[in-house]
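One chain comes next, on its own, written as structure tokens: the form predicted alone.
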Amino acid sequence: MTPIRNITILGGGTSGWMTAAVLSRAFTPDACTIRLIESEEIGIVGVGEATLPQVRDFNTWLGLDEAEFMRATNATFKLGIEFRGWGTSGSYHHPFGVHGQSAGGIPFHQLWLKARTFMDPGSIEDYAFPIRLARENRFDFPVEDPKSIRSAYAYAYHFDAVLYARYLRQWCEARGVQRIEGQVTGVDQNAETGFVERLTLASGESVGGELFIDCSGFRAVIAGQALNLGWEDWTPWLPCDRALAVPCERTDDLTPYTRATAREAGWTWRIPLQHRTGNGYVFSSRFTTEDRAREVLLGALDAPAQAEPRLLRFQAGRRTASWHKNVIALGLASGFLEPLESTSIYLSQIALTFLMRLMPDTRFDPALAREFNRLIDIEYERVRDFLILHYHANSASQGPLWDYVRSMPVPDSLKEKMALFRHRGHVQQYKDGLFSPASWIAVFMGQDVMPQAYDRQADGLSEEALTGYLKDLKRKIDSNLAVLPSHAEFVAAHCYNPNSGISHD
């Protein structure tokens, strides 16, 4: 067995530099040469300004200092996503945490469902500490005591993805990663094996390698253009194929959550950073024009725009194989799912986790590639179903797009999940793949997919005991919230970037 000693990464956006960071953390320069090719003439998409809590595991594994990283990327904290206009309630939150606290092993949402049969318990969100925290624009780190209501959540970040890539680049270069400036004009394969042997740059320089990782974004220079690896189109389920992105000035409302608002032909995002607010409109070109989308986006801003909206074109789907011979496609070169649930960076991160677990030697055992592709397929399909649920179960928005998604056939895997939940509020649990039952419950209930009955295990609590339990839980949440700082105060004390141009005085 001969270990790989020469790895070449193509593309220097978020996924490219995350890949370089993981590899340079795992291998010393003596053990393996890591090169990254990127061109300053090619802009990066810079997706992923909103993240999931898993990104903290990534940064922690690298050993990054949280406050330093947040200052460098103008980051703020994120407790979840607020969805506006997706359900009849007008607004609901998908929190990074759970609703309430279970009692005697009985899931809280089952207790709440039972309470509705004999009283008005209010919204289930009234019992979710991370949602109450978000709605009041407060923040603090979760505590470790599992008995405390303040342990019932996690957090992620909003950050400038371009600055994050730059921050990782500095980190990587200090650990021996070699950056090569240039554009690839040729991909040379072995005539017999089909393995990629070298990349040719516009300058004439040739860059070899034993393992090539394609992080070239939508262009997919190696996986798509050179190897012509197949693409599975998911547009029939996820018809949005355009996005307009524009930053605007920051307002005083430093919310600790992303906002996703349903619009006539898609949805807009709002992501508050320290120095600006990121905005965008994901829409379907089948149901609106780019001019109308631009009008909707600019009309939705809560402060003056700082630039002209930038258009991105995409197609929802994935590569039929992300690992082929000695090439691995990662990030947008591997697949694309719209950022409705902030999954872009996570999908790169989990692919890197699988790569490190299955790192090949120079024999490139095909069994490793098959297992990698199987795991990636599961991840993409789990996220796909969750995104489709948002569209298909939208009970509030009007217009041709929404008529289409509400009536379209959905994957059997999603159909089964919805049927199971409607029966008695049960959620499929799985070992692999993103999104826990708490996430599914938040979206189901937020978008009016309600169970017909509660699970009888909730009868373990009498009506009188349940009434008291709910009352005590609300009181506990209220008393804990009252002593916590605002999100803006917490950012100012923990990770304020004095160069952000924003004063917290």
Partner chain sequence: MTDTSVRPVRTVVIVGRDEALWLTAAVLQRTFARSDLSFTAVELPSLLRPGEVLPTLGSQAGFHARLGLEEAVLMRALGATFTLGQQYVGWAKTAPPVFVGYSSTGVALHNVPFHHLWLRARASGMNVAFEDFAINAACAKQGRLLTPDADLSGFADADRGFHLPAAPYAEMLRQVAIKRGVRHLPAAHVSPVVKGPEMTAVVLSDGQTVEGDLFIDTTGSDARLLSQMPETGFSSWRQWLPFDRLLTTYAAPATPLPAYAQITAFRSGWAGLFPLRDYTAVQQAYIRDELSDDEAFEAAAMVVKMSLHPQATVTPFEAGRRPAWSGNVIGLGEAAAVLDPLGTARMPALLLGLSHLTALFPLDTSGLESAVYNRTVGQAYDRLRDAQIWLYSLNKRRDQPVWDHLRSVSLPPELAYKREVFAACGHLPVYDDETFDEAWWIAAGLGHGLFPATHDVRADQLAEPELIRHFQTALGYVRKQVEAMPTPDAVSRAATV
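Quick caveat, the model's predicted, so the values are computed rather than measured. Positions refer to the first chain, counted from 1.
The same protein has a further form, the form predicted in complex with the partner chain, not shown here; the description that follows concerns it.
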Q. Looking at the partner chain in the predicted complex, is some heavy atom of each of 99, 161 and 169 within 4.5 Å of it?
A. no
With a cut-off of 4.5 Å between heavy atoms, is residue 371 one of the residues that contacts the partner chain in the predicted complex?
yes
- Item | Interface membership of residue 475, the partner chain in the predicted complex, 4.5 Å heavy atom rule | no
Do residue 457 and the partner chain share at least one heavy atom pair within 4.5 Å in the predicted complex? yes
Wondering, does residue 431 line up within 4.5 Å of the partner chain in the predicted complex on heavy atoms? yes
Here the chain appears without its partner; judged in the predicted complex, the stretch of 435-443, 66-74, 449-457, 476-484 with heavy atoms within 4.5 Å of the partner chain is 449-457
Answer key, the partner chain contact in the predicted complex at 4.5 Å (heavy atoms) among 202, 119, 367, 311: the residue is 367
Checking 253, 291, 144, 416 against the partner chain in the predicted complex, the residue with a non-hydrogen atom inside 4.5 angstroms turns out to be 416
Taking the partner chain in the predicted complex and a 4.5 Å non-hydrogen atom cutoff, the residues of 333-366 making contact are 356, 357, 358, 359, 360, 361, 363, 365
